[in-house]
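One chain comes next, on its own, written out as structure tokens in the form predicted alone.
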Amino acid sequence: MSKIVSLAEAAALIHDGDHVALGGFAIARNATALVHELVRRRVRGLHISACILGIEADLLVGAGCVESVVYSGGSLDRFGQLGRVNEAVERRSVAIEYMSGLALTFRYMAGALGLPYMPVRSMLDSDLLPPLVAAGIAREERDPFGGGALVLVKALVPDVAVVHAQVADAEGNARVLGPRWDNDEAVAAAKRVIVVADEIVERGEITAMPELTLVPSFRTSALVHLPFAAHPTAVYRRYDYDADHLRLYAEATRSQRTFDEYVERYVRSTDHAAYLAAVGGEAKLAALAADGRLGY
């Protein structure tokens, strides 16, 4: 059975107050188009998580869609900082749970396994641990088998995991090439999974190499076919990041006023096709695709 839906239909599966695990990493494989749609829908009160935040998180925070953030870092890589996330953290306009990437990944893993917590050695004797203990997210305990100190991290079960994939079949089997970061654990833990794919292929192309399948069809709640849906971030073997647009965004995100102007021009007043036209159109996209096929 086909899982393919429109971008708007997929975005409608994310409700006010949901916890959304984001699948991108800095300027790689962000589900930007889906986030644009959430901004257009003016979703509110989201709780978002990812080991390394990218432009998708910054857009949601800057647009007022987010109540809390669970993360271990984030940036626009060489192009700058996440201006809206960083300012929100400084002003305490969003709640944060800041932890090591390993601890967050193990929280997803505990959720996937149906366990209440997972023991790790990460964050011992660090400044990261006391705030998490105070918030009831972590506890320091002794290994009952005599192995020393442990940190118990609370399970995390997102309402939705969002993943950008290079290819998928119509049934929702999705293949991701290159790094997966915390995607495997987040997808396994989440109640619902939304996949956005650059290309739809026949089922046999996916099942021929099952080890590359990140999301099996039975875990996929909705599949969106949308080329260049991760722009301006890179998708391995598909297209490179758009350096010009990332510089533009980094400059815009320095203040809420210029960020709002960016959102009005590139998000609220567009759909995906209009957005791609606004950022350079077919010539720009063809150049990014040519660079991306080199494997950057």
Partner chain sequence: MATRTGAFTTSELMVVAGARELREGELAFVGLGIPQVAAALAQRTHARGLVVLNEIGLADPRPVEFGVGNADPRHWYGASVMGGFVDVMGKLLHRGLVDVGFLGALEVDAYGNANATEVRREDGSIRRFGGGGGANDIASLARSTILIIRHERRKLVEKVAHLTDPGRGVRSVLTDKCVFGVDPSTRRLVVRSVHPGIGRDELRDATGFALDIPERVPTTEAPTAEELRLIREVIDPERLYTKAF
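Numbering follows the first chain given and starts at 1. It should be emphasised that the depicted structure is a prediction, and the values quoted were computed from it without experimental measurement.
Just so you know, the form predicted together with its partner chain exists too; it's not on screen, but the next bit is about it.
Residues of just one listed stretch (136 to 144, 193 to 201, 68 to 76, 219 to 227) have heavy atoms within 4.5 Å of its partner chain in the predicted complex: 68 to 76. Between its partner chain and the residues 46, 252, 28, 39, the one pair within 4.5 Å by heavy atoms in the predicted complex involves 28. Checking 110, 160, 167, 120 for any heavy atom within 4.5 Å of its partner chain in the predicted complex turns up a single hit: 120. Highlighted residues 89, 98 and 179: every one comes within 4.5 Å of its partner chain in the predicted complex, counting any heavy atom.
Under a 4.5 angstroms non-hydrogen atom cutoff, its partner chain in the predicted complex lacks residue 174 among its neighbouring residues. At least one heavy atom of residue 240 is located within 4.5 Å of its partner chain in the predicted complex. Among heavy atoms of residue 263, none comes within 4.5 Å of its partner chain in the predicted complex. Proximity of residue 188 to its partner chain in the predicted complex: non-hydrogen atoms within 4.5 Å are absent; the residue sits far from the partner. Residues of 191 to 226 are not found to place any heavy atom within 4.5 Å of its partner chain in the predicted complex.
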